[in-house]
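One chain follows as structure tokens, the form predicted alone.
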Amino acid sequence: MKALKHLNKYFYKYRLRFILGLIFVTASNLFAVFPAQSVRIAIDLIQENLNLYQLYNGTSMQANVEHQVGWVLLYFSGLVLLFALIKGVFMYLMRQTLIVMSRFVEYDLKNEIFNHYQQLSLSFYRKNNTGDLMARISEDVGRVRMYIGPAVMYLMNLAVTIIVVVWAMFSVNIKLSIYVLIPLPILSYAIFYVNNIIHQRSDAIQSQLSKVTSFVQEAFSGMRVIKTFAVEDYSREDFETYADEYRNRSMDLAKVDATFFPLMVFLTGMSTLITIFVGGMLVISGDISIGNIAEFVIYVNMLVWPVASLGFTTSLIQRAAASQQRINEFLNTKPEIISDNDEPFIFEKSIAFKNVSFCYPNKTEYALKNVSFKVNRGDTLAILGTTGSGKSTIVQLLLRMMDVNEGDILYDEKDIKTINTKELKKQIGYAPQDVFLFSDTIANNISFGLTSDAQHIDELIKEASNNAALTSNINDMPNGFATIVGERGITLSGGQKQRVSIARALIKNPEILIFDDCLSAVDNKTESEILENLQRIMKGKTAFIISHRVSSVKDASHILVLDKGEIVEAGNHIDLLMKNARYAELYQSQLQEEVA
């Protein structure tokens, strides 16, 4: 239960709804007791009048007694209906306060988790899979909501019902009350036991459903590969295996479900039989009236669901505690990247790496080793290297997606850790190597980085598209810029996705541009067109071009050649060719490939 203490702040936030809910629960139960008492009074009055009816047999008074019995039935029937109506109103208000409160808390908790997710660094997402992250913000929060809403409501109802009904029962006859209450704890435990089995099997079904969903999602995403290798039959057989397991687990749950309500009916019937048997004996002995038996039968039925719900509620609380514990694990994860500075930052001078070394968590080899360079405002730095040389690591450090292990990164001679990170990123246009597009229109993907108050968005989108050599492709599409790119941009080619990413980086007109191997999937002609546009756009801006192709970096002001995390060469294109070393080798080999 310690994990659920995290929710106390929400109970306090919605305390008015909570208190009103308690009042409405109490009122609804009071108006449930009154009909039972009305029934008892009505039956006893009718019995008395029936005795009088028999006593006045053959006289004119019989008609008066018959008329009086009719009015008694009409009056108390109306009274019972009135009490039921009032109880229904209070039950409606009870649900409108407590259940709606749980929905508000669900909304707040999901926002709290999502906002916390966004503050966590990339290393967190490397350690945790997306399915687990989704489960905690959806299924786990859903289970917590069941505790805040239904479980709390049922506990309130149970407590108030027991106090009101048991008090009413004991005020009539203690002996009969004790006999009547004996099966109810057994009912509660039996339902708790059966309910645990139901939840265990429900969890197994959910787990298998997750596997089925993941398999289907992966199959649909990889349909090109499946069709290319003609393995549709194997894929169908695998799906049938998953589906058969899901069906078997569902049947196991159905078998347990089949015993749930018969068990409730049986144990409830036992209490009713005890009420009639023991009550009948007490009527014979003159301790209670026949109306009291009817009153007790109503009380038994009033207690059945609250007591039965105790097992169900206990299970809800246990599941909510387990889910909240899982949620707390992530909420208690501290962001590795912390930016406490709220002051505005405007880049004006230079960017420098000073003796920077970095090693990824759980790795032994350094991705960067003692890297130093300086880029003045308006210059272009190109970083060249093979796969695994550390190019993208430099980009992640420039964006402060990670913090260095050793050394310093300086913007305008200020440590990056002391700068307002959000303000810094607003001035950076970034086109990553691994392009991610949202399942939205091309226009919305390009304008993703713009603020909501941006003016002339359509013109900016078209200009960015032209600069990324993308417009001609978009014009060939049926819906132009309104074309939906599909999940992760599946409807676009690799080169088109990269150009959308470049357009997204350019549309902000940032002071700093970072292109991380974002031309690897485009042809030489398109690359030349984009590079020519970039040369014009990058005038006066600070730019980083990361690539493994010499053709992408040769026009840069300064070029770094990386190998295994270290700078092995530095200079401009002409200087590096004259050195006739690593850069020259790469240039010659790629030149021969282009000729071939």
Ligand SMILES: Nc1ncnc2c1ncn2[C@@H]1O[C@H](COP(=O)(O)OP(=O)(O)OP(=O)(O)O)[C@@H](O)[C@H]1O
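These figures come from a predicted structure and were not determined experimentally. So that there is no doubt, residue numbering starts at 1 and follows the sequence shown.
Separately, the form predicted together with this ligand exists; it is not shown, and the next lines address it.
Novice: Just one of 272-280, 107-115, 459-467, 388-396 has heavy atoms within 4.5 Å of this ligand in the model of the complex; which?
Specialist: One stretch meets the cut-off, namely 388-396.
Novice: Within a 4.5 Å heavy atom cut-off, is K541 in contact with this ligand in the model of the complex?
Specialist: Heavy-atom contact with this ligand at 4.5 Å: absent for K541.
Novice: Within 4.5 Å, heavy atoms only: does A367 come near this ligand in the model of the complex?
Specialist: Yes, A367 sits close enough to this ligand in the model of the complex that at least one of its heavy atoms falls within 4.5 Å.
Novice: Answer for K127 alone: is it within 4.5 Å of this ligand in the model of the complex, judged on heavy atom distances?
Specialist: No - in the model of the complex, heavy atoms of K127 and this ligand never come within 4.5 Å of each other.
Novice: Counting only non-hydrogen atoms and a 4.5 angstroms cut-off, does Q433 reach this ligand in the model of the complex?
Specialist: Yes, Q433 is a contact residue.
Novice: Between Y193, W305, F373, Y360, only one gets a heavy atom within 4.5 angstroms of this ligand in the model of the complex; which residue is that?
Specialist: Comparing distances to this ligand in the model of the complex, the residue within 4.5 Å is Y360.
Novice: Which residues, if any, of 529-551 lie within 4.5 Å of this ligand in the model of the complex when only heavy atoms count?
Specialist: The stretch 529-551, when checked against this ligand in the model of the complex, contributes only H548 at the 4.5 Å heavy-atom cut-off.
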